[in-house]
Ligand SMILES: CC(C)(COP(=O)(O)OP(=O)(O)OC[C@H]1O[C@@H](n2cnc3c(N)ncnc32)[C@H](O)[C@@H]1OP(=O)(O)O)[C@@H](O)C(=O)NCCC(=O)NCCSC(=O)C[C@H](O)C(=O)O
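Coming up is one lone chain in C-alpha cells, specifically the form predicted on its own.
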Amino acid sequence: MSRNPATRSVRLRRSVLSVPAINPRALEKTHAVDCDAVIFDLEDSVAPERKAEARENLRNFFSARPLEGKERIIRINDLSTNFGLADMELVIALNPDAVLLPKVDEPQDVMAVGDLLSEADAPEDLRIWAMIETPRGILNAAVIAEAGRTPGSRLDCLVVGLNDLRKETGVLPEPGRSYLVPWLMQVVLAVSAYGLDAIDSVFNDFRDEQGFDAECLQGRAMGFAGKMLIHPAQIEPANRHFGPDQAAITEAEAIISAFADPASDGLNVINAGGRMVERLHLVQAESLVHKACLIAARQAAARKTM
C-alpha cells in the first residue's frame, strides 16, 4: 500500500479573495461574498505612507462583527521592513485564522514567525500561510513544505505569486503559462509530499472570463486546492472549477461504501466496481465527500439568510 502523508484538517480553499486593507468598503463587502477565504492585504496593495491607516481599518473591521463562514488570513509585510513587526502585533491582537508571509525564500522565514506567535502565546489554531513568489522560494518549496511537518509547526498552505516571480525571472505573462508550469508543479509536489494545501496564483484580468476559466481548469488539473482572486466576479467560477463535481462525489461515496463492507475488513486493496482500489483512495474519497458536505452546509446556511 502507498503511504499517504499526514494532513491538516480539511478546509475549503477553492476561492481565496485578496482584499486591500486600505479599502473599508471592500472590507465590508467580504461579509456578502461567497468565497471560502479572505486575505486581508497589508502588503502590496497598500502604499508605505498608508500602512498604519490600513492596520487601523483592519482593527476596526475585526472588532465590528465577525466574518462568518470564511477563513480569515492577514497578509503582512516582510519582517525585515519597518512595517512587518507592527503587522505581527496586529495579527496577534486580532487572532485571524492565519497569517500570510510574503516572499518566503526558506524554512527559516516560516520558523521565525512561528517563534513570534509562540512567544506571544497565540492559539495553536492561528496558522501560517507562505507566499512562494521568488526564484529561491520555488527552488526551496520542498524544504519549506517539509518545515510544515515539524512538531509545533503552524504552516498550512503555500500560495503561488506569479507576478513577482515573472518580474524576477523575465518570463512573459502568456496564456497557458507554459514556461511556468514546471515551477507550479514543483509547488504542488512539495505540498503533496507533506500534507499541505497549495493555492494557485491570481489571474490579473478579471474581465477575461474565458481566460480565467481556462486557468482554473489548468490549476485544478495540476492539483491546486483553489485560486487566489483579485475580484468578487472570480468567486463563482473558482468555486465551480475547484469544487468536486457530482460524478467525483458519487465515485467517492462508492469507494467509502465498498470499504465499509465487512468483507473488506483487514484488506488494503479491494475490488470496487471492477477497479482495484487502495486504502489511500479511501482517505482521498473521505476528504472529497467531507468537502462536498462543507459546501452543502454553506449553501444551506446562505439560503436561510436570504
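All residue numbers are counted from 1 along the displayed sequence. Small disclaimer: the values here were computed from a predicted structure and weren't measured.
One more form of this protein exists, namely the form predicted in complex with this ligand; it is left out here, but the text below deals with it.
- Mapping the unseen interface onto this chain, residue 164 counts among the residues with a heavy atom inside 4.5 Å of this ligand in the predicted bound form.
- Interface residue remark: residue 140 is not counted as part of the site for this ligand in the predicted bound form, having no heavy atom within 4.5 Å.
- At the 4.5 Å threshold, heavy atoms of residue 41 reach this ligand in the predicted bound form.
- A residue is said to contact a partner when one of its heavy atoms sits within 4.5 Å of a partner heavy atom; residue 215 fails this definition for this ligand in the predicted bound form, lying far away.
- The chain is drawn here without this ligand; in the predicted bound form, the stretch among 127 to 135, 175 to 183, 78 to 86, 108 to 116 whose residues come within 4.5 Å of it by any heavy atom is 127 to 135.
- With the partner removed from view, the residue among 248, 267, 26, 67 that has a non-hydrogen atom within 4.5 Å of this ligand in the predicted bound form turns out to be 26.
- Only one of the listed residues (147, 196, 90, 202) places a non-hydrogen atom within 4.5 angstroms of this ligand in the predicted bound form, and that residue is 202.
- Contact residues in stretch 226 to 251 (any heavy atom within 4.5 Å of this ligand, taken in the predicted bound form) are 228, 230, 231, 232.
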